[in-house]
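Single chain ahead, written as structure tokens, the form predicted alone.
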Amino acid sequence: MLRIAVPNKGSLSGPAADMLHEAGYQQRRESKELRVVDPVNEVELFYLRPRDIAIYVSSGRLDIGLTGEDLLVDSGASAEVILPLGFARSTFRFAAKPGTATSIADLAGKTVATSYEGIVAKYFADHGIDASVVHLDGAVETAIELGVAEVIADVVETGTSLRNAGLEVFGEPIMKSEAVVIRRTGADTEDPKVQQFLRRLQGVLVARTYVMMDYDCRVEQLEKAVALTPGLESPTVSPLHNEGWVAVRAMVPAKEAQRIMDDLYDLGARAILTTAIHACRL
């Protein structure tokens, strides 16, 4: 069986479980379950702390894992990203009291507090910055107020909590992260079971990104209509009973569906429908 590490809690847990469910994999019934065997799909799911997943995967004890790219980098584990998943996006930034620093070069000789010591240490090493890193578990904004550090490095979304603490971000982002599928560095990514798992998740990602659009249009407007809905390879076009009309079906980006429907209507298309896609293979 393919052995898969899944986040057991936190912001990654719910979206990861939803994606696996949409991909057809059995899920745990209770949050206390740490292992689920899915004999139909030949997978074994292990529910682990998100921070530990990269370690388990890099050891080779588990075949693949779903975790955050930030947690992978922070762990320093010998594993690599094989598929980005597009959720749990975050940005890591430096922040300090106004006037403390304006660029990365200003961090030389300073102390930085963070919950992601591995990420920050790697960033300093890559940029040749000689600074100290202090590891704290959460609420790092307080570190500056208490004199533990002059600068913090943390996930920044709106920046409201930083402003409330009298801090401001500076410099370029340390890194941008999202949920990813990881595999041990050097492991065979062409393994048929791994490829099947990736195809299923890719199918979920595509299904979430596209909708199926159906509409009727006059033959003389077909080329203009098809230009709006080219589909992936080509749209499906079928003649209708009424002469001079055809039915068209194509996948279109979900974000653009309403605009495309408006444009088709202006061309004279009618009976324009969109349908959610639950699964697909490209």
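Worth saying up front: this structure is predicted, and the values here are computed from it rather than measured. Residue numbers run from 1 along the displayed sequence. Superpose the two forms; the largest set of C-alphas matching within 1.5 Å is the rigid core.
There is another form of the same protein, the form predicted in complex with a small molecule; it is not shown, and what comes next is about it.
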In the model of the complex, Val155 touching the small molecule (heavy atom, 4.5 Å): yes
Any of the heavy atoms of Arg270 lying within 4.5 Å of the small molecule in the model of the complex? no
Just checking whether Ser75 would be counted as a contact of the small molecule in the model of the complex - the rule being heavy atoms within 4.5 angstroms. no
Going by a heavy atom distance of 4.5 Å, is His21 a contact of the small molecule in the model of the complex? no
Considering the small molecule in the model of the complex, find the one stretch among 87-95, 127-135, 181-189, 143-151 with heavy atoms no farther than 4.5 Å from it. 87-95
Of the residues Ile174, Ala79, Ala113, Leu71, which one places a heavy atom within 4.5 Å of the small molecule in the model of the complex? Leu71
Which residue, Arg249, Arg49, Lys224, Arg218, has a heavy atom that falls within 4.5 Å of the small molecule in the model of the complex? Arg49
Is Gln196 displaced by at least 2 Å at its C-alpha between the shown form and the other one when the rigid core is overlaid? no
Superposing on the rigid core, do we see a C-alpha displacement of 2 Å or more at Thr91 between the shown form and the other one? no
Rigid-core frame, C-alpha of Leu205, shift of 2 angstroms or more between the shown form and the other one: no
